[in-house]
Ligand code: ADP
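The chain below stands alone, shown as structure tokens; this is the form predicted on its own.
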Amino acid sequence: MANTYRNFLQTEIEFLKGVGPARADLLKKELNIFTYRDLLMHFPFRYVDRSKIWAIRDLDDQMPYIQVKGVLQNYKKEGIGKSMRAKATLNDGTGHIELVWFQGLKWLDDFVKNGQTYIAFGKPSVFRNIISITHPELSLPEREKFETGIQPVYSITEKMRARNFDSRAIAKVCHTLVHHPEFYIQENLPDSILDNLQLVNRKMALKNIHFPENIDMANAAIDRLKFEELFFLQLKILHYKQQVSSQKTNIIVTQIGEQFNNFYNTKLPFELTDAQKKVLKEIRTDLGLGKQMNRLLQGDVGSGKTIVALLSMLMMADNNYQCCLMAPTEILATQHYKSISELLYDTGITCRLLTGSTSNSVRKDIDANLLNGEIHILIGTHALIEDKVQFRNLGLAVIDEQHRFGVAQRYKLWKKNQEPPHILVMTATPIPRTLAMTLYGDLDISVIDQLPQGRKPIRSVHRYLRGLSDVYTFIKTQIAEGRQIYIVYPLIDESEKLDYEHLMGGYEELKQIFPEPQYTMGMVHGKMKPKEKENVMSHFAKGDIHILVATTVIEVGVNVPNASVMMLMSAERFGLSQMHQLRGRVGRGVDQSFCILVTGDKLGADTRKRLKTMVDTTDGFVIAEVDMELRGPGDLEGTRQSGMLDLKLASISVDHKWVALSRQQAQELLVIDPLLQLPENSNTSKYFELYKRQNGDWGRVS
């Protein structure tokens, strides 16, 4: 029976009654529907209630889509050419309503007859005190069953609409499919889960999501299929994590040695926070278990992730292993190299930098010293994953801002050792719990949720363009007190040219407000060469420049404790996560720092919520939750490129309940039956294998 089911659903779509070659071609090109299964999984995006006939006298323009039944009268056409339209009235004895069409007039001529009774469906509106429906659907009272009751509405394209293959036509072929005599749906969830969560069975869910008996059954079907979608995603993540955790490795930290202890006791620039100590303990435990570590380290900009990574690398060095740290940009890699090299000065630990700009002679020296083990820590960009970069004994790979790297790139780093090295991935982009549970569910997660001692929370304020003079006065006061300022302009319409012009206009205006020699200004933008950017940033870091004007095209990755103000021009054009990241560039010293969000007067509701969130909190996780609520998980940095959040029904940002339940149920199932071998889980196991083949195996790489 299972094979019959699978073969039936794999039938090519042109063989379904009502489709045929021409419509099949449309479905394939426009909606990627190639088989019966594809059609079955093309769910409606909403429903309309066609179970009630309204009296025309009860209609008003505040109503949603409704249907009325009456005698059609006075059908006629008006206008000529493209301005031609058709009009008619519908009378049900309680009143009359005007019907208007601007398209499909030839079809109307063939279908409409004055004096005939019709059902009209559409959205009522009022024009010149007359209630009308524009482009109503017309049907005869003896409609097919699938056109009554709670009716599905399917997404279609303009090309389909032009070819008269609309939502009703999709509903008709879906109805044919689910009532086909060979239609069979095999359950893929264990009975225990169905009973525990009181979920409807799979066949009932798939029938009722297309043609619900009532709105309660539609909701029950959606809940069941949301859970199923999330359950198999979580099962794949946890199954992979289970495999990794069971794999043994010979890369083991057996001792905390001299390098770690000397650094910790004599060279640590500040006392670690409790959060840093907790994370370090988690990493130390991982490295000593004899299993590969796969850990995600989350923490806001400035929370001290890099020092935790360095201490972890010193643990490895004490046990004769090499380490590498990969950053997404040359600026960020160079910054890591400079700060880590300074900290390691006079320790005997050799640290080198490898980027795309590294000369051939230096590269040869690095290659040789990597192989003979003289380099303990290699810091760099994508250059680290080139085939010619070979380590003698790589034990730990640290990946900074890992969402900027694709899976294939991380996999190359993973293969740099005969045994896969331990992996520590770091991100300053806070990830909401529900998203982390899904996107990084195969990783153990550590969080640094404290800022170093002495840091004051950054004060954020929202100001309008009309109040800029007061803002500039405040900035002058800050400069007079010896502070430095960032002024950042947004990327406009993804256009580097417009971005550049916007910046240049602002820069010229600022030069008038902050004239030389009293004030010094520098500028950084995407059209500058890396060396030019680095030169300007270096002068800013040294304190030679009062105001750094920049765009977001580049990585403003300099650590300047003396910078106290981050001013974001046209802040309405920034994403919430982006604003939070930029704000983290100030507040690095002991002085009070500020983030000033400057906007125009006309702001939408979402923009106002973003700005209010920035003003109200500096908690990156609160900000991440609001960001996901506003934009959805697919738009958050790093999630789209993974390809794993291509969910049809469930929403990570909305369906918190189902995310948590699916995780819990998948965990409990794997505890009882780790290999899904029990007879009662055979259908789940078969479907899971099919699911993994269809959805790829991205989980093989952390």
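As the structure is a computational prediction, the values presented were derived from the model and not from experiment. All residue numbers are counted from 1 along the displayed sequence.
The same protein also has a form predicted together with the named molecule, omitted here; what follows describes it.
This chain is drawn without the named molecule; in the model of the complex, the residue among 356, 452, 149, 257 with a heavy atom within 4.5 Å of it is 452.
The single contact residue among 234, 312, 593, 303, judged by any heavy atom lying within 4.5 Å of the named molecule in the model of the complex, is 303. Residue heavy atoms within 4.5 Å of the named molecule in the model of the complex occur in exactly one stretch of 303-311, 606-614, 381-389, 219-227, and that stretch is 303-311.
The closest heavy atom approach of residue 272 to the named molecule in the model of the complex falls within 4.5 Å. Remark: residue 559 counts among the residues lining the named molecule in the model of the complex, judged by a heavy atom distance of 4.5 Å or less.
Although the partner is absent here, residue 276 lies within 4.5 Å of the named molecule in the model of the complex, judged by heavy atoms. Looking at residue 588, you'd find a heavy atom of it within 4.5 angstroms of the named molecule in the model of the complex.
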